[in-house]
Ligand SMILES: NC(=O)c1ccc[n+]([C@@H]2O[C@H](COP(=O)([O-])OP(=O)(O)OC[C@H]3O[C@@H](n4cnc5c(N)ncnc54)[C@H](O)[C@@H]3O)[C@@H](O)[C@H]2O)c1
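There is one chain below, alone, in structure tokens, taken in the form predicted on its own.
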Amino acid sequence: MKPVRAGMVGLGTIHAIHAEAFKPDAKGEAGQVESEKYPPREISAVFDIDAGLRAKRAVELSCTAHDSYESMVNDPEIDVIDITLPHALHYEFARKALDHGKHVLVEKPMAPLSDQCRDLIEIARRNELVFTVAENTRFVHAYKEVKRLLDEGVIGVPRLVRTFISGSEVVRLRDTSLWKGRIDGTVGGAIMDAGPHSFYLLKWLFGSISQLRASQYKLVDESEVEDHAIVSGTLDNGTIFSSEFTFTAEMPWNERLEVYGSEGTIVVDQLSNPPMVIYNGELDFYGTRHIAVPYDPIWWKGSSIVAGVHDFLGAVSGNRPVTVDPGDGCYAVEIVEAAYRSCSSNGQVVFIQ
């Protein structure tokens, strides 16, 4: 079988994890080697504005280093473009690749604006190309298990859902030479960067948001964007939700999900051992350790990113839909926009159409 050949654009931290997906022994969901499940694949070329970095990575990956993005998207040897650039560049680079007939995987957020997301989706549809956002949330082992338990009705009807994404970006936010804390690079802060994960998760597990209100905070003076935010409201089915994001927690990156139902509660915390505990009522003081979800504080997120890249490549070679519907990636950006509208109006309630 002919391998799927990828051009990788933007050679920062996340790119390195995407590149793991192309290794024969790549470990995806639940830390399992998944090479037999997916088609042959190879990194054909790389591009970054840093000439030294792209030359170095080309040697390490045994591939071509393009000296311009134009030459990359015009390269007939490349089937797909994998974009891991600063947020502000996602739309421009994804559109150019789609216009040149390349399948595209773009890191979240799909684009800074929902109108841009819809434009990319339409171009891909019109050109019969595979396109989606690299939303690893769909491939996190714990969340897949939560989905199964919810479908089985283990905790009854969900009443309240809380998500919390925490970690430290303080060093990068303080460095004004980096894009992370600049409006012209990241477009927004914690809501734009972390929000899409939680908003996608809520829609996948529980349904759409009907209304929200949001507040944002900036603790790092050198930064131009918020480093902490809280978004709360209700879902279409009446479930209450609260999503919090912080970039100033001095701890390993973590995600926490709490689902409070009419018959019990599920708590997921990626740094806890085990990561998932189920409580069956008010007298279940110790809960049930859900050992089906492995404890992997270092690689739980990396493995889900690898699994997402594998899924995209499988869709390209297998002529099937991607697991992450690009429409849901666009939806996440729509909620980001609604949250910022609430912040700009001092926390006024925003109704989602």
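Worth saying up front: this structure is predicted, and the values here are computed from it rather than measured. Residue indices: 1-based, along the sequence shown.
Beyond the structure shown, there is the form predicted together with this ligand, which is absent from this document and is the topic of what follows.
Shown alone here, A214 lies farther than 4.5 Å from this ligand in the predicted bound form, counting heavy atoms only.
Interface membership of F93, defined by any non-hydrogen atom within 4.5 Å of this ligand in the predicted bound form, is confirmed.
Contact annotation for N136: at least one heavy atom lies within 4.5 Å of this ligand in the predicted bound form. Under a 4.5 angstroms non-hydrogen atom cutoff, this ligand in the predicted bound form has D50 among its neighbouring residues. Taking C330, L11, A338, A19 one by one, only a single residue has any non-hydrogen atom within 4.5 Å of this ligand in the predicted bound form, and it is L11. A heavy atom within 4.5 Å of this ligand in the predicted bound form is found for one listed residue only; from D227, D82, D193, D79, this is D193. Relative to this ligand in the predicted bound form, residues L271, P294 and D296 are all farther than 4.5 Å at every heavy atom. Stretch-level contact analysis of 230-238, 107-115, 260-268, 201-209 against this ligand in the predicted bound form, using heavy atoms and a 4.5 Å limit, identifies 107-115.
With contact defined as any non-hydrogen atom lying within 4.5 angstroms of this ligand in the predicted bound form, the stretch 254-275 contains no contacting residue.
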